[in-house]
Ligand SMILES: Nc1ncnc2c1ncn2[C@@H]1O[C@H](COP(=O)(O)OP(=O)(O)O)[C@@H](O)[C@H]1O
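Consider the single chain below, provided in structure tokens and representing the form predicted on its own.
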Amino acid sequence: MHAIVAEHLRKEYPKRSAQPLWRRRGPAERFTAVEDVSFEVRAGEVFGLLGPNGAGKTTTIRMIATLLEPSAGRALVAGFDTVRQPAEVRRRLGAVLAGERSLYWKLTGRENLQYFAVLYDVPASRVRARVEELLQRFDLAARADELVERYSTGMKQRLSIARALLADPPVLLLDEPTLGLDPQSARNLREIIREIAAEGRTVLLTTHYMEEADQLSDRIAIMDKGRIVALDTPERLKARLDQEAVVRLWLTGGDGRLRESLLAVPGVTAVQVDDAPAPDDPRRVTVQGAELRGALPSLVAAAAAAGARTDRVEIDEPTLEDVFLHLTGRALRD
């Protein structure tokens, strides 16, 4: 049995209107946040939903968590329907969702876990031992009796994951778990996710960080504008570009013709022009296409025709961001 199944999920919302209700005519316009999303997550798998902000990742995970009802389609967790059997679904999953304050800041870390243990029907005889076990595991025992409002962002996130694991659920939903963390805290949290997965739990992870998805996920679904545009292992997704070269140019100067000038070079299929770190610094330009190794002089000439000087050229192995650029024509962070 698959741990999670999404079948043709769709979620619509009414568009906001500046007109008062009494002046509107006809049915309200609708905005589609998620459109025909289908995937299956195997038991014990780390499955990543990768995409830019606004791609529909959080809406998808909230439908699976029973917090949103799909406009169409259905989702199953451990074989239970999220709309018809929400209580059975909630017994089998833990969730840490972006944008939600899932802890009480005026309680201590220990008090938070004790409170949620009761809500999650942890047997009374096991509450104390389970809370202590999780405090130790997530390196929170030394500050367990401090108010959560005094915790760092990384500590709050670790406590949120501990809360989600209180009832020992087989499925864990993590929505942008490292968002806003410093590099060291993010690295520590990724290690925790690896440990959780090694225990045999199923993890559904949303992120817009390419490296995070690449490091943690057994398989990745790339989302864009509410749809899944690719689904495979990280290795196979990157192998899609094996027949293409990924050339990175560092250019100084250039005008509005730069992207079009590079796209005109034979064999070029996609161009992404990054902003320069500072006005006089070179900016990175990523070029994808077939047989580009022999086209380097043409690329340099095309850049010069647009007023740009080439400072450095690199030919790189494809990344997940290159895959996204190849599929959508724009960078993941756009």
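In this text the structure is predicted, and so the values were computed from the model without any measurement. Note that residue numbering begins at 1 and tracks the sequence as displayed.
The form predicted in complex with the named molecule exists for this protein as well; it is not shown, and the discussion that follows is about that form.
Site annotation in the predicted bound form: the residue of Thr66, Gln272, Thr59, Ser298 reaching within 4.5 Å of the named molecule with a heavy atom is Thr59. Here is the short version: of Gly307, Pro266, Gly44, Gly54, the single residue with a heavy atom within 4.5 Å of the named molecule in the predicted bound form is Gly54. For Ala33, a non-hydrogen atom is located within 4.5 Å of the named molecule in the predicted bound form, even though that partner is not displayed.
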